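Listed next as structure tokens is one chain, alone, in the form predicted on its own.
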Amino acid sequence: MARNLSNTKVEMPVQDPQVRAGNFQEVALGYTAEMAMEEAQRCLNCRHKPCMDGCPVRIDIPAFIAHIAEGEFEKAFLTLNRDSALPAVCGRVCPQETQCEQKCVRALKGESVAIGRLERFAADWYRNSACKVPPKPIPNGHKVAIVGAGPGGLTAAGELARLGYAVTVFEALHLPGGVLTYGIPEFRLPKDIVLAEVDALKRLGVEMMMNTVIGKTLTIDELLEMGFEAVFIASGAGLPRFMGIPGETLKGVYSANEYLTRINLMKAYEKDASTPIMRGRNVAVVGGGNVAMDAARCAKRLGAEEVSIVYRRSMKELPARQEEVHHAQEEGIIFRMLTNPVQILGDDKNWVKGLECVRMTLGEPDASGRRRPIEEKGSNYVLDADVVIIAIGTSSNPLIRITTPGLETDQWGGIKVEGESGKTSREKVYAGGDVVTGSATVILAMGAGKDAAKAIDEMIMGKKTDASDT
């Protein structure tokens, strides 16, 4: 195999910033076959495979990249798909720069291999090619229920279906995908890709039950009474948090969850959409994570003249992916760092008319390891805003925990589990993803789903789980 000794990644084509800021089409356009092979040839195929240590689902990264380098694209996808049920999704939204790519040896003297871009290429190539559909697994006579059709639930469903389990996924919304569908905008993750990944699971025999709210339509105990031999709870963390400042009930204030759900799930950006949404002229987004970037970039695409990210720390502490920050800056989003809201101002009709903020300085590191923001006395000022979007995090909905006797939770409301197995305090009940950890990444939820599926299989089949078996 030829080697590419370049210290920089093959650049991925993207839409022009001035054009894409006015549409919801995908920003990154993907590699061509030639680009993918060129980038794959940068991989050194390290003997110890350090990149795999950074992957929560343990994809054999050097192997799939080696196939791409040789032009064996179907083999590349099949290698990926052994360990990941959602490669086209992960290739787009996973923070590879802090996981597999951070461990890449090439990063010691330049840029890492573009593992995420290559994963996306292989998955897209397979989806768009007339490849043979794998045969449906032979049923093993056992059935498992999954609560939530997000990345953790879909991963567990895929893992168990491949082992022959009859898997039913119960989803509260009318479309599967969870945060992939309602949270991540079309310009980052086209919804037809999510549905294609779901269709692949359906071909394995996974059944999807939409519009079913576990804890209301059915309880966990009722699922067990229906003959399911295990239940995996992957209902995510969709309950928005607010700051508790005056003015949060004014008209024109959104949680990022509501704002993005209206846009992504209900298509509020379309001209004939039945779902209303405020198209503000001056929009302020409070928060610094990926969700804040998504909300800000959506507001820009809805026609806002000025969109501001309001964050109480500096750019160095910004938790959003570097790529998303870069794209937001290119699109004209203003970053107001070291700024903290203290009040949302309203007019005499209770509509937002401004955001009162205070300037901050950074002190000593807090429990998170980031420097603690400290208010500058007397530095208050008013930022012009007619829409304010709060994007400071989420927590899990309490519905499942209050309707499931004996299900232990932590002080934040997350379900307690035993190690990586996902086993809860209730027999035959497992949990993983954001409902356990709080809001985290897609790939971490997928890793939890994969681990739980293994533990469920061991429990049902009576396999040993001690160290001698690992």
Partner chain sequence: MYKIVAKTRLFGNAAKMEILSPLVAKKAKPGQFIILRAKENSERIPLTIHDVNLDTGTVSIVYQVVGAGTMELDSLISGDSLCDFVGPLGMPTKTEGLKKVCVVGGGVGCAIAYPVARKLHEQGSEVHTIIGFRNKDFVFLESEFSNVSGLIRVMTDDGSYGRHGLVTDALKELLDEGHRYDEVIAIGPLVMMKFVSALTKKYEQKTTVSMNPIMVDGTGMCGGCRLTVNGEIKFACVDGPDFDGHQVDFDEVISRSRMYEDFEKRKREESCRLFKQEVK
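Positions refer to the first chain, counted from 1. Since we're looking at a predicted model, the values are computed, not measured.
Although not depicted, the form predicted together with the partner chain is the subject of the following passage.
A.B. asks: Given a 4.5 Å cut-off on heavy atoms, tell me which of 190 to 198, 360 to 368, 298 to 306, 172 to 180 is the interface stretch with the partner chain in the model of the complex.
C.D. replies: Contact criterion met by 172 to 180 only.
A.B. asks: Under a 4.5 angstroms heavy atom criterion, identify the one residue in T98, Q343, T217, N380 near the partner chain in the model of the complex.
C.D. replies: Comparing distances to the partner chain in the model of the complex, the residue within 4.5 Å is T217.
A.B. asks: Among P240, G116, P185, G280, which has at least one heavy atom within 4.5 Å of the partner chain in the model of the complex?
C.D. replies: By the 4.5 Å criterion, the partner-contacting residue is P240.
A.B. asks: Does the 4.5 Å heavy atom contact test between C104 and the partner chain in the model of the complex come out positive?
C.D. replies: It does not: once the partner chain is placed as it appears in the model of the complex, C104 has no heavy atom within 4.5 Å of it.
A.B. asks: Is E258 close enough to the partner chain in the model of the complex to count, meaning some heavy atom within 4.5 Å?
C.D. replies: Yes, contact at 4.5 Å.
A.B. asks: Can you work out whether P373 and the partner chain are in contact in the model of the complex, taking contact to mean some heavy atom pair no more than 4.5 Å apart?
C.D. replies: Residue-level check for P373: no, no contact with the partner chain.
A.B. asks: Contact between F73 and the partner chain in the model of the complex at 4.5 Å, heavy atoms?
C.D. replies: Result no; F73 lies far from the partner chain in the model of the complex.
A.B. asks: At 4.5 Å, heavy atom to heavy atom, what parts of 262 to 286 sit next to the partner chain in the model of the complex? List them in sequence order, or say none.
C.D. replies: Read in sequence order, the residues that approach the partner chain (within 4.5 Å, in the model of the complex) are R262, M266, D272, A273, S274, T275, P276, I277, M278.
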